[in-house]
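Heads up, the chain below is alone and in the form predicted on its own; it's given as structure tokens.
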């Protein structure tokens, strides 16, 4: 279970930093994996409204935002943390939010769907210096549309008023405990999922498709990883094309090795694709082999046929799950 924290406070010891740390520490205590992206320490250029993302599905600006796109789609839970500046998020975090237009375009203009969209969740953590009734309204509205752009259901806001000076949040009577409680509520269902590993030689076609279909159809029941013994440099372009015919978006994927799996990650099932790979040994897990033909260097029709076989096998696996 992967939680991504997006930090928008420019202060090194800011109150939203304390809030996000408390949240992510609780996630890790419960067994989840976390990562923080500090928007205030990244070179993220402002959107220039060039329109490229709506035509091609990608943002052309070369900066620190590019590595964030795959993280946003890998995450099960995304947490925005920002103090209120003029009724909204900080400028540094807002630049990151604006650049999520590329993901919005892939869904709403190009018509593709990220496999994690059905299950990903988003939460806003924020503090404001005054006790104004509407102090969080602007940030909440921005967060709501940001989470829709990245394919996450908006699970609400934890906002705390009259928090301004360094240390105010630690002195708050309920804030940190409320954040820890909310973390447990949000991550607990994810942590109950069964873990499935799909393996093929290059992790460029079959195992990627199997992981995508499984995550799309049953991401609430299965935590999915895919890997290869000899990872290719990139996923197969024909694979991306035939998956797009099913409206499944395979953008931002990169083949990975079995050694790249999260430390201590123990699958409940290992499924190979029929490519005679040396299957990794996981205690108590007997690998299954789906014996699917290798579509590498074959025609697009061959790739389509393999895609359809993978989809059928995934649906059968989900329907007959006995793990």
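Values in this document were obtained by computation on a predicted structure and should not be read as measured data. Numbering follows the first chain given and starts at 1.
Beyond the structure shown, there is the form predicted together with a small molecule, which is absent from this document and is the topic of what follows.
Trainee: So, residue 11 and the small molecule: in the model of the complex, are they within 4.5 Å at any heavy atom pair?
Mentor: Taking the distances in the model of the complex, the answer for residue 11 is yes, it comes within 4.5 Å of the small molecule.
Trainee: Is residue 176 a contact residue for the small molecule in the model of the complex, using a 4.5 Å heavy atom cut-off?
Mentor: Looking in the model of the complex, residue contacts with the small molecule do not include residue 176, since no heavy atom lies within 4.5 Å.
Trainee: How about residue 85 - does it come within 4.5 Å of the small molecule in the model of the complex, if we only consider non-hydrogen atoms?
Mentor: Although the small molecule is absent here, residue 85 would touch it in the model of the complex, with heavy atoms inside 4.5 Å.
Trainee: Could you tell me if residue 253 has a non-hydrogen atom within 4.5 Å of the small molecule in the model of the complex?
Mentor: Taking the distances in the model of the complex, the answer for residue 253 is no, it never comes within 4.5 Å of the small molecule.
Trainee: Thinking of the small molecule in the model of the complex, which stretch from 93 to 101, 161 to 169, 226 to 234, 188 to 196 has heavy atoms inside 4.5 Å of it?
Mentor: Looking at the partner contacts, the answer comes out as 161 to 169.
Trainee: Pick from 149, 129, 110, 238: which residue has any heavy atom within 4.5 angstroms of the small molecule in the model of the complex?
Mentor: Only one listed residue qualifies here, and that residue is 129.
Trainee: Only one of 217, 244, 140, 135 comes within 4.5 Å of the small molecule in the model of the complex by heavy atoms, so just point that one out.
Mentor: If I apply the 4.5 Å criterion carefully, the residue I get is 135.
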